[in-house]
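First comes one chain, alone, set out as structure tokens in the form predicted alone.
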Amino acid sequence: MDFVVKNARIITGAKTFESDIGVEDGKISVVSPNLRASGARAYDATGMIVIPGGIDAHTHMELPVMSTSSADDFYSGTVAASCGGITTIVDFVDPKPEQTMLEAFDDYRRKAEEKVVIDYGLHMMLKAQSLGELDEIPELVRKGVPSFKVYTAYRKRGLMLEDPDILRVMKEVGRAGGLVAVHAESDATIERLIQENVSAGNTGAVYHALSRPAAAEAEAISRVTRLAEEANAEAYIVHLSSRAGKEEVERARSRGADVFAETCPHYLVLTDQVYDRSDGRNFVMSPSLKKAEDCAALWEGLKPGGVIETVGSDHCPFTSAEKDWGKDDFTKIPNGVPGTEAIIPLLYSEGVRKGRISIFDLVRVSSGSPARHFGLDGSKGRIEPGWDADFVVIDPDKRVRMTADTMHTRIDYSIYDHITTEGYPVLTVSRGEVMMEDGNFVGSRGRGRYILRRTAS
């Protein structure tokens, strides 16, 4: 064996038990008490919790936005992810205007390969420019991209698709055995409210939130889930932010729609009150933050039987200088916040420790469910012999103030700097290699591998 974790309290999606974990050639070779290290590196996990490595299926590394790009590239972003207990990301390919989807896929593979420190997969953003390329969908699925993202907003940026086109995409992706991810907000509602606020001289960060009410999310979810029913396709509602949106997903499920939702750590622990702060623009993302009652509803949605089956970060940070572009006009603020490093710490500290969810729920929404939905089951998401040796050791008593100094993203502030966790990852292992130990990144650039994800069928 190459590596042995001793005295682990292992948490799976259904049970907890004490055991050792043996690792060989990047795989879990044995899970059994009283293993002998026999010259292998040994880590004593006495008093710790060991869970499967987190799967963040919603990141935006190096994403072009406005006249810049998100602050983290595939290196710094995956370093941050690994330091928070994430061992796999799935990023979104954003085709340039002159690229086909297949060309953009190849471009992203080239960018990522030399930088990623953990394993990665890719989704495809399917924009208005791509509607003439739907015949590329089967080939992309064969290349390990069984998930395609569409937008009901951002018409001005060329991202929004009209309902008939979304239906067409859903049918094509469904035929290929894939999954359609949806950014669901009403473009008409948002654009009207933006125009009204700007015309009235209302340009502070709080008006970003007031221009993106929960009703805009709920209305779009209602439409796209009915389209998914008509297309007989599986739909994935990304970054769910509101109780009203959650209720629409529940209604769709009750009708028999094949739909599930994701939420993000910021929607679980932050409210729209932050937009009144002097640095409120640092919290601007889309959808916007909502009310405390929305946070409570989202926590409820993470429990067994709930419609929120995964937690992704929507990691897309920008520096404070870039956020300052919109200091006097919220429409000029780059939309996006950090989050990949925060998923597991916040689910544990704010969720498990505060009784909002169980430790089993944490494992399910951070690894088991993402592995199943995104074609990673069989290699990721479990601590079992034969599976990739991806796991995280959590010290349940470790307290960490989540400031810019303790986070590993390239931005110069933290949207979680008011939170001190109770419990924190202290060791992250990816395919048997230690990536993070005691808050320090110890992995290597470019060692991550592309994952050929499978379709649901």
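A residue's number is simply how far along the shown sequence it sits, counting from 1. What you see is a predicted model, and the numbers here were worked out from it, not measured in a lab.
Below, we refer to the form predicted together with a small molecule, which is not included among the displayed structures.
Trainee: Would you confirm whether the three residues 154, 286 and 336 all fall within 4.5 Å of the small molecule in the predicted bound form, going by non-hydrogen atoms?
Mentor: Per the other structure, all of 154, 286 and 336 touch the small molecule.
Trainee: Though the small molecule is not shown, can you say which of 262, 91, 314, 72 has a heavy atom within 4.5 Å of it in the predicted bound form?
Mentor: By the 4.5 Å heavy-atom cutoff, the listed residue in contact is 314.
Trainee: Just to confirm, with a 4.5 Å cut-off on non-hydrogen atoms, which of 290, 364, 380, 149 contacts the small molecule in the predicted bound form?
Mentor: Partner contact (heavy atom, 4.5 Å) among the options: 149.
Trainee: Within 4.5 angstroms, counting heavy atoms, which one of the listed stretches 397-405, 55-63, 425-433, 23-31 is next to the small molecule in the predicted bound form?
Mentor: Contact-bearing stretch, as computed: 55-63.
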